[in-house]
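Next up is one chain by itself, shown in structure tokens, the form predicted alone.
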Amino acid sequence: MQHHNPQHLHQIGPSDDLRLEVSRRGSGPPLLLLTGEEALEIDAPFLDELAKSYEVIIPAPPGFGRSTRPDWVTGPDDIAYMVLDLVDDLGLKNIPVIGCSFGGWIAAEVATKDDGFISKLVLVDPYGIKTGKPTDRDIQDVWLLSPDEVMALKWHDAANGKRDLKSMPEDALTIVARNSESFARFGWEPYLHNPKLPHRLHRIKVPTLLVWGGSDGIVTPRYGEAYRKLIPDARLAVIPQAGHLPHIEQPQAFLTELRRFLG
């Protein structure tokens, strides 16, 4: 079941061609959630829990969900400014921000540009930096490997990642295809990172928690440690028996870390 409601398309900036789908879940103080490339968070038990304490605001990046994707948008560096415009439009101040995987990369880009609206930042297995030499494979190539190989690297238990696409309604399948195409478009070259981001992460001055799945084979905890070193005073929490999406594979352990950090 896709829970997209309540949602609407929100025009961003002066361009008529840029509209972001914004979903809201729960009630309480606002929290901004930037989902992973597959938006599995939308249907995950951890989000139901989060929505008991917060009004969770979930924008879909350009080309994801029902958001438009103008040709001039080329990656998370651009998308970060759209998130900042949305934050301004919605009058969000002093709020926690959680970014997962591709959404974690976007959240990191946002925070390097302006973290004035962020109370605390949580990055869950984000992409976005290159940690090794040019020839090092520090991010596994999700488009080169077979789907089975990707599943084995991405999940502690690959069964947790199985999706029954055959039973999905047509409109939900269209979104799955759109998300995957936009992810490839934004992450292809340079591969899932912004060479400038490591030189900007020192600008993040808000309390930051990196959460990593101990079994993440796409970007390993070692990659997480390299990320942590680039953000002043950031802390890294590694969750055992979880892969690239610890908040989905081990929701209770994730929520424990999250509550400890958010207070």
Partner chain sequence: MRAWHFTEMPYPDIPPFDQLKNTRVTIPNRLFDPRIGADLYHRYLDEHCIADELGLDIMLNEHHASASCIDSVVPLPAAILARQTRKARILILGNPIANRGEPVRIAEEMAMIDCISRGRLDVGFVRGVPTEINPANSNPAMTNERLWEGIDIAMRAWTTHDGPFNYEGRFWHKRAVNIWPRPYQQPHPPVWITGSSDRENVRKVAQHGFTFATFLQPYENTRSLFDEYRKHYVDAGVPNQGGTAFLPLVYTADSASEAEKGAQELLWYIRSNKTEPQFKNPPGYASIALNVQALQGKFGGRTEAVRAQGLDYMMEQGIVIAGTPDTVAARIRKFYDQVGGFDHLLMMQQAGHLDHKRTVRSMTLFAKDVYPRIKDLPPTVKAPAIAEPVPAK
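Just so you know, these numbers come straight off a predicted model, no measurement behind them. Positions refer to the first chain, counted from 1.
The protein also exists as the form predicted together with the partner chain; that form is not presented, and the subsequent description refers to it.
Within 4.5 Å of the partner chain in the model of the complex, a heavy atom is found for none of 226, 235 and 253.
Using a 4.5 Å cutoff between non-hydrogen atoms, residue 146 counts as a contact of the partner chain in the model of the complex. Taking non-hydrogen atoms only, residue 119 never approaches the partner chain to within 4.5 angstroms in the model of the complex. Taking the partner from the other structure, the partner chain in the model of the complex has a heavy atom within 4.5 Å of a heavy atom of residue 174. Heavy atoms of residue 136 never reach within 4.5 Å of the partner chain in the model of the complex, leaving it off the interface. Only one of 176 to 184, 101 to 109, 87 to 95, 120 to 128 places residue heavy atoms within 4.5 angstroms of the partner chain in the model of the complex, namely 176 to 184. In the model of the complex, the residues of 185 to 212 lying within 4.5 Å of the partner chain by at least one heavy atom are, in order, 185, 188, 189.
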